[in-house]
Structure formats: structure tokens, C-alpha cells
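Before any questions on how it binds or moves, here is one chain, the form predicted on its own, in C-alpha cells.
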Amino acid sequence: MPATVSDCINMLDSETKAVETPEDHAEELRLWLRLLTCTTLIEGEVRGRLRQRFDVTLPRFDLMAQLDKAPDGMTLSDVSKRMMVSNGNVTGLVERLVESGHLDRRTSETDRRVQVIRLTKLGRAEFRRMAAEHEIWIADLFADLTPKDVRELMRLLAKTKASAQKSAGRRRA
């Protein structure tokens, strides 16, 4: 993901260039750039709002969201798989959230080598407060889309996801 506003602008410029000289770019490339631009814009806005409103990072919010769905806790490995990041990335986040009192960490009852983490009462309460505002922000970002537009985008994105998964499967085979 882009690290700075100028990175975002450069990405937006890439999409604009693709539109301005379509003969140089396949439709699929233009689609990819549009998807990437939308993702970058929305993610940047959510990151900024989380930082400004709650002084929290998006990865921290994402980790808490995963744990909110698992009241009995999750292993570090399961969290990293769900977040699609390395165990090392999760470990640093977990350390900071344990120190701040948002997470509880204990050894697994079935395997002493495995750590299980879960939200504390404080962590769950703070996450749910953030999640409620997050939901409003997302609704605001998509406010100009009709319910029909949302359904159509969901249908097309599901088809896009299936196509990408199929292609990835062919590559691995």
C-alpha cells in the first residue's frame, strides 16, 4: 500500500494515464488500476479517521476485529492467517495490545508451545466503540451508491474474486 499522499497521487495518476491512452493498456489493466485506486482511497481515509479519532492503526483495528469474532480467543497462527500477514507482524501488535490492557494472552491448554490471545473487557468495549463509528464511515464513503449499485458491485466483485482464484490455482498447478 502507498505510504504517503504523494504515493496515492502517483497511483491515481497511473489510472488517469491508462484512461488517457487506452490504446496502450488492456481493459483488464485499467480495471486493476481502478480497483487499486478505490481500495487505496478508502483504506487511506479509514486509516486517517482511525488515527485521528481513536489514535489507533488499521492493523490494530483489524486484529481486534478478528478477536471480537472469537470470544474464546485465537492462536497467533490463526490470527495471522485470517489477517493474511506473517506471525511476526501479529506478534508486535499483540505485545502492544497486551501492554495496553486490550488483550489477554495465555498458553494453550492442548499445546504449551501455542499462545492463545483474546480481547479483554476493556479491549472489547473499545473495539466495539470504534467498530460502530467505522461502520458509519464506510456507509458515508459509499453513500452515493444505490442499494442496486451495491448489489451489482458485490455480484461483479464475487465474479472477479472467483476469476482471480481460478487463475491463481492454474498458476500453482
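What you are looking at is a predicted structure, and each value in this text was computed from that prediction instead of being measured. We number the residues from 1 along the sequence you see.
Missing here is the form predicted together with another copy of the chain; even so, the following discussion is about that form.
**Student:** I'd like to know whether Thr110 contacts another copy of the chain in the predicted bound form, with contact meaning heavy atoms within 4.5 angstroms.
**Tutor:** Thr110: no contact with another copy of the chain in the predicted bound form.
**Student:** Would Arg30 sit within 4.5 Å of another copy of the chain in the predicted bound form, counting heavy atoms only?
**Tutor:** Answer yes; at least one heavy atom of Arg30 falls within 4.5 Å of another copy of the chain in the predicted bound form.
**Student:** Consider Thr57 of the chain shown here, and say whether it contacts another copy of the chain in the predicted bound form, taking contact as heavy atoms within 4.5 Å.
**Tutor:** Judged by the heavy-atom cut-off of 4.5 Å, Thr57 is well away from another copy of the chain in the predicted bound form.
**Student:** Can you check whether Thr40 is within 4.5 Å of another copy of the chain in the predicted bound form, heavy atom basis?
**Tutor:** Because a heavy atom of Thr40 falls inside 4.5 Å of another copy of the chain in the predicted bound form, the answer is yes.
**Student:** Mind checking whether each of Arg49, Ile136 and Asp144 has a heavy atom within 4.5 Å of another copy of the chain in the predicted bound form?
**Tutor:** Yes, all three are in contact.
**Student:** So which residues in 131 to 164, when you check another copy of the chain in the predicted bound form, have a heavy atom no farther than 4.5 Å from it?
**Tutor:** Residues within 4.5 Å: His134, Glu135, Ile136, Ile138, Ala139, Asp140, Leu141, Phe142, Ala143, Asp144, Leu145, Thr146, Asp149, Val150, Glu152, Leu153, Met154, Arg155, Leu156, Leu157, Ala158, Lys159, Thr160, Lys161, Ser163, Ala164.
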